[in-house]
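Before any questions on binding or motion, here is one chain by itself as structure tokens, the form predicted on its own.
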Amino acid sequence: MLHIINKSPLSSCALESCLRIAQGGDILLIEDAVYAAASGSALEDKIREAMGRFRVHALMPDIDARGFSERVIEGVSKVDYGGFVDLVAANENCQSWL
């Protein structure tokens, strides 16, 4: 399953809920959720721990727009829009966490 998260982890519990409830699959961080992929962020430890159960991806155009493309947590896959489409096609189900 592809879990899509678009809300900042600083203003929403969407990422926390996903990590607590979901059983595995791919997580794609888009829009303000990409802040969770920044090394040194408050959620870095949780993201690193989640990589044991999930493949974690972040949308590169959103990372670039927020100016931290050089500070993405090691192991988080940076994908472009084509990669986003590939993730949707590769997963039988998609869940957007609101």
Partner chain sequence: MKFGIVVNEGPYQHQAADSAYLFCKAAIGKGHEIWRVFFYHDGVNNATKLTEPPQDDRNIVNRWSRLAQEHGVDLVVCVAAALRRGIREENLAQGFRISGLGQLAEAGIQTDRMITFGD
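Positions refer to the first chain, counted from 1. Values in this document were obtained by computation on a predicted structure and should not be read as measured data.
As for the form predicted in complex with the partner chain, it is not shown, yet the points below apply to it.
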Verify the contact flag for Ser96: yes if a non-hydrogen atom of it lies within 4.5 Å of a non-hydrogen atom of the partner chain in the predicted bound form, no if not.
yes
May I ask you to state whether Leu10 is within 4.5 Å of the partner chain in the predicted bound form, using heavy atom distances?
no
The partner chain contact in the predicted bound form: Gly75, any heavy atom under 4.5 Å:
no
Is there a heavy atom of Arg66 no more than 4.5 Å from a heavy atom of the partner chain in the predicted bound form?
yes
Could you list the residues in 59-85 that come within 4.5 Å of the partner chain in the predicted bound form, counting only heavy atoms and keeping sequence order?
Asp62, Arg66, Tyr81, Gly82, Phe84, Val85
